[in-house]
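Presented below, as structure tokens, is a lone chain in the form predicted alone.
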């Protein structure tokens, strides 16, 4: 069926008829994207946007990058999937191990949610314990364990996890402990009390758009080492984004395991779990033995097309000036956003790193989930709506910056920031 023959209205009608809520569950049902090039996308009505959604992050080097497109076309001529080892997947595993400080072995999955699920399962298998410690507001995909205290609407009683979704078995609550992000004293107290029952700790080193306080990650690493607990960094967002070696290279703290995704698939469904050989050996029946073996099977894991796109993307990122350009773009945007709000007299915090950041409408510093949650939601919604009216697209809570964004893209966005600041100041 020719998708070009359908108008935007017809496509939206079909979405409402055949998709729950009229969407894939991602960006809003009122948006149908048909094309992306560089740092821009175009919707079904023909409107063009500067794109800071970037497919929720994968398109770090832009849409339809010629090197990625060439690699994908070449692999398409050879075949699309094999359910066996392939050259692109093997070479991508090698590239990841060369890049990430903690990476000695790689096991591919198709999504970040799978990767974090297996990170937790690997820690449980390795330690012979069942409980996982995560952080309030930390996002680790859509598996049951990850959906504990991702976005709680009320404060829990200390370490008590709160399910964020119906359909999660009550028993899961007994297997998850929750700590406040950036509070090393609180984490230490929890670990000191529960380390005998803990399998490990999983954390976004850079949680959503919240930077770690000085010493927090270093203290967390020392604490887990003291109790022989595996530490997993969820780097689905930060891997190859904060730096080529991810958050662990950027912040100088090396975990035992990490998850990768988004950027590493070059816009195709690919993610993975990487880490120390001692723990990753759980996936090797010959090394782990029958009792210790942790099976992990995925029809499309290590898919050769996705791996080819990932290899090409990493090649572009290794080129000179890629990260300098990315961070220069981000700093211009962050500074421009802060200046626009300050000039309009709007209280707001611009938080994050230059490659991924957002604005929170509050006069309080953003250090954890509850300070981020305290922001004025109506101002945030108005801000996003004004940006979209001015041809700037972002998610509800994040700007993803691309190497492909041009000065023209940045200038248009800075103008949209000023319009949004003026609109918010009027209310």
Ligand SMILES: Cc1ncc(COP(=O)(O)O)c(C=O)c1O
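From a predicted model like this one, the values you see are computed outputs, not experimental measurements. Numbering follows the first chain given and starts at 1.
Keep in mind the form predicted in complex with the ligand is missing from the figure; the text below concerns it.
* Asked: Pick from 232 to 240, 127 to 135, 340 to 348, 309 to 317: which stretch has non-hydrogen atoms within 4.5 Å of the ligand in the model of the complex?
  -> Single hit among the candidates: 232 to 240.
* Do residue 248 and the ligand share at least one heavy atom pair within 4.5 Å in the model of the complex? -> The answer is no: residue 248 has no heavy atom within 4.5 Å of the ligand.
* Asked: Is residue 212 one of the residues lying within 4.5 Å of the ligand in the model of the complex, judged by heavy atom distances?
  -> Taking the distances in the model of the complex, the answer for residue 212 is no, it never comes within 4.5 Å of the ligand.
* Can any non-hydrogen atom of residue 204 be found within 4.5 angstroms of the ligand in the model of the complex? -> Flag for residue 204 set to yes.
* Asked: Does the 4.5 Å heavy atom contact test between residue 303 and the ligand in the model of the complex come out positive?
  -> No.
* To do: Report the residue, out of 107, 208, 121, 221, that has at least one non-hydrogen atom within 4.5 angstroms of the ligand in the model of the complex.
  => Checking each option against the ligand in the model of the complex, the one that comes within 4.5 Å is 208.
* To do: Please pick, from 216, 357, 139, 323, the one residue with any non-hydrogen atom lying within 4.5 angstroms of the ligand in the model of the complex.
  => Spelling it out, the residue with a heavy atom inside the cut-off is 139.
* Candidate site 112, 116 and 262: all three near the ligand in the model of the complex by heavy atom within 4.5 Å -> Checking in the model of the complex: 112, 116 and 262 are all within 4.5 Å of the ligand.
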